[in-house]
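Encoded as structure tokens, the following chain is the form predicted alone, with no partner shown.
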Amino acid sequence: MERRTLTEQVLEALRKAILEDRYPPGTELQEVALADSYGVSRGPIREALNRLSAEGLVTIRPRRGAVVTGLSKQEFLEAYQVREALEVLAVKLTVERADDELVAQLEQYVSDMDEAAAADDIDSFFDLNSSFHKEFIEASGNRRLQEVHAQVIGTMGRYRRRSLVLRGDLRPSIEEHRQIVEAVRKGDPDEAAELLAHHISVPQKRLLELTEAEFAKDFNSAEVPFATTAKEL
């Protein structure tokens, strides 16, 4: 197997583990331990960590190794604000070109989110929620918007399980999604954008209410990561 291919596989596995919170913020990522875990040499691990550092998921500390990057309360709030601006623009662009197929897909996401919430399947709910919002980004047709949004979501993505504290009951969120879909169906870009902005502002308001200590406890506590093996490659 070519080294580049192996590095890409390690990169994908490490990124997935971080985004799924199996390596929480503050977790030290030691090259030797990771190499043993994945059954590879330290070279691919080092290259993967450097790539993750460029993505903002890992911080490389001179002579101290790598650690999963944590966001401050202000940085997380700023990421939410940028996300809101990008998705509001994406919705406006999308409504102008939306067709029945897109509306049907959005409706399916909402229906599946409803079922996931009822079954208390939080992981599936967040996967579906991400797909719902990504649908607008992709349908916008704006490549630069797509690139910047991917960077922002990459920064926020690893907090998705922890962000449940900001959303609380998922039922209002599902209803907000339904209202957005209805606005898209009506072909009203301003209403869809307003509803989406409100939807994203809900966790932001809760975030503002958290103290720095509460934010650190809920979002940046370094728990023991789950076991990760070469099987993920």
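A residue's number is simply how far along the shown sequence it sits, counting from 1. Note that the structure is predicted; figures quoted are calculated from it, not measured.
Just so it is clear, the following notes concern the form predicted in complex with the DNA, a form of the same protein that is not shown.
Asker: At 4.5 Å by heavy atoms, is each residue in Lys16, Ser53 and Gly56 next to the DNA in the model of the complex?
Answerer: No, the whole trio is out of contact, none within 4.5 Å by any heavy atom.
Asker: Please determine whether Leu29 contacts the DNA in the model of the complex, using a 4.5 Å cut-off between heavy atoms.
Answerer: Yes - in the model of the complex, heavy atoms of Leu29 and the DNA come within 4.5 Å of each other.
Asker: Given that the DNA is not shown alongside this chain, does Ser201 nevertheless sit within 4.5 Å of it in the model of the complex, heavy atom to heavy atom?
Answerer: Contact check for Ser201: no, nothing within 4.5 Å of the DNA in the model of the complex.
Asker: Contact between Lys205 and the DNA in the model of the complex at 4.5 Å, heavy atoms?
Answerer: It does not: once the DNA is placed as it appears in the model of the complex, Lys205 has no heavy atom within 4.5 Å of it.
Asker: Taking any heavy atom pair closer than or equal to 4.5 Å as contact, tell me whether Arg185 reaches the DNA in the model of the complex.
Answerer: The answer is no: Arg185 has no heavy atom within 4.5 Å of the DNA.
Asker: Could you list which residues of 73 to 99 come within 4.5 Å of the DNA in the model of the complex, counting heavy atoms only?
Answerer: Sequence-ordered list is empty.
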